[in-house]
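Just one chain is shown here, as structure tokens, and it is the form predicted on its own.
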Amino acid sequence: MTKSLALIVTSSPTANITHTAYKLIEQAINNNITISGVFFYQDGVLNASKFLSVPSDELQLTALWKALHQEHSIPLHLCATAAEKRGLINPAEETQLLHHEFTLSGLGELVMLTSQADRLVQL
């Protein structure tokens, strides 16, 4: 029986709980659990920022999320409204300050992710 998991990340890339979210996904992959996707919401959208500057001696969570997407094709969705509120996108100027591994989405995509998964975890 295949198990699947969807994850909602609402914390910033400097929060310890965000690292816990990443480790949860990593463990799920190691246990052959399918990841339907990760949805970044509230301050979680900051994980996709191109201009986030984390000191080199600290954990680079954005790089880990990008590697997760590239190595396992895990969709990384970003709430467009939350990203706009935090200055990551400007629809009027059509500018985005996001890494290309992240996809702007809406709550409809969140519903799709959760309907495809056996379990939903929010951190």
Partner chain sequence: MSVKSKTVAIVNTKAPFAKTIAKEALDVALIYGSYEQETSLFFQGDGVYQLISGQQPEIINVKNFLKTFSAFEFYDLEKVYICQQSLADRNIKADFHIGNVNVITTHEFSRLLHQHDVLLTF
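Numbering follows the first chain given and starts at 1. Keep in mind that what you see is a predicted model, and the values were worked out from it rather than measured.
This next part talks about the form predicted together with the partner chain, which is not shown.
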- Candidate from L104, L110, A15, I25 lying within 4.5 Å of the partner chain in the predicted bound form - any heavy atom: L110
- Students should find that, of N90, Q60, Q42, T34, the residue having a non-hydrogen atom no more than 4.5 angstroms from the partner chain in the predicted bound form is Q42
- Non-hydrogen atom within 4.5 angstroms of the partner chain in the predicted bound form for each of I8, S115 and D118: yes
- Could you confirm whether H69 comes within 4.5 Å of the partner chain in the predicted bound form, counting heavy atoms only? no
- Message: Can you tell me if H77 lies within 4.5 angstroms of the partner chain in the predicted bound form, counting non-hydrogen atoms only?
- Response: no
- For the chain shown here without its partner, which stretch in 47-55, 69-77, 34-42, 93-101 has non-hydrogen atoms within 4.5 angstroms of the partner chain in the predicted bound form? 34-42
